[in-house]
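Coming up, as structure tokens: structure 1 and structure 2, two forms of one and the same protein chain.
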Structure 1
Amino acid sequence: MIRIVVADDHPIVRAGLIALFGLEDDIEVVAEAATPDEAVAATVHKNPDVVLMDLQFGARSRATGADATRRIRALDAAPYVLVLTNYDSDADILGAVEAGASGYLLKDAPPHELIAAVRAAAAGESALAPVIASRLLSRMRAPQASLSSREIEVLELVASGRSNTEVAGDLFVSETTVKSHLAHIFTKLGVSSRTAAVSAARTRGILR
């Protein structure tokens, strides 16, 4: 029996997933969670095989699904984490994979694909939606145009209207370091300003 925790801030989504898995003889939902903290707590207490994790948990939660994934994967005898989300930007995908997610699906995936992904994750296999797999492959084939996770982090803060000084404070680095990251970002994206960098990153799907 594959024991899973369903973590999503929308009650209707959780109910739908629980109903879907209830039709499968080999899958049992042992807990549900509405916040990243609840997801970690449920994992600790229920010891599931797989945690189905959303990435964004609404304005009330400062933590993200990637944060919870990182904490869960750091546990002893950690379960596998399968991300199920609406978001397919490079920033989201990279953040989840680097946090330790073994699979990444979009919420418009057909039910049979989701069920197969849960079984694959439980078996220790990677489960990536085709669009996600192709995005990661294209990043590997064109590394000169791909931003590091820290560069994406800097650019996300810039996109939210933060100044270099504020970005430095948020990331606990010097303003010189922020300027260095921006210089690398400009070079990789072929732009010469912060505004152009944000625009180019959104056009390429690097930022949401």
Structure 2
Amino acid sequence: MIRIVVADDHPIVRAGLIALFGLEDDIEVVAEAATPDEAVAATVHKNPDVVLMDLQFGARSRATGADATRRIRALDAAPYVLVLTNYDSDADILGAVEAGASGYLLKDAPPHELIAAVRAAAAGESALAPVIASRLLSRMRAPQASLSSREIEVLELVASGRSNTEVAGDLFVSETTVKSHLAHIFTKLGVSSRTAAVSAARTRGILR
């Protein structure tokens, strides 16, 4: 019997997961958690085989699913953590993997994929949704788009709506320099306009 903990702030999602796993006779939901803290506590007390972890917990909780994952993986005899979330942003995926997740699934995944992932995780295997796998690979192929601190500084000002000349004034450099930074940012992010750069940086977690 695979014993799992379900951690998600949405009562509806928890109910759905419990209902789905209720149909499987080799999987048992031993606890549910509505916050990252509850997830860690439940893991400590119930000692499950797998934790199904959401990444986004509503604004009510300052901690994230990645934090909880990190803390859970730091435990003795830590269970495997399967991240189950809505989004597939690079920042989220990277964060989850760094935190020690052994799988990453999207909430719109078909149930059988989810069940299979839980069984795989319980067996110590990694399970990635196809979408996620291809995204990770494309990230490997593409040189990591790490912006320099100066470039991030420029991009933050641009994101706040400042023009090139204004950014130049703010940073005490010439407009040429700002445009030069922006050109580098564009190539690194694979875009060709300031607004697209801001959007890309946001989805990748470079900008808040």
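Superpose the two forms; the largest set of C-alphas matching within 1.5 Å is the rigid core. Residue indices: 1-based, along structure 1. Source: prediction; values computed, not measured.
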Handout entry: Number of the structure representing the form predicted together with the DNA
Key = 2
Practice task
Indicate whether V6 shows a C-alpha shift of 2 Å or more between the two structures, with the rigid core used for the fit.
Solution key: no
Handout entry: Shift of L17 between the two structures at or above 2 Å (CA, core fit)
Key = no
Handout entry: Flag for H45, CA shift 2 Å or larger between the two structures after aligning core
Key = no
Fill in the blank from the handout: Cα of R202, core superposed, displaced between the two structures by (Å) 4.8
Practice task
With the core fitted, just quote the Cα shift at L189 between the two structures, in angstrom to one decimal.
Solution key: 3.3
Exercise for the section: After aligning on the rigid core, report the distance the C-alpha of V173 travels between the two structures, in angstrom. Expected result: 23.4
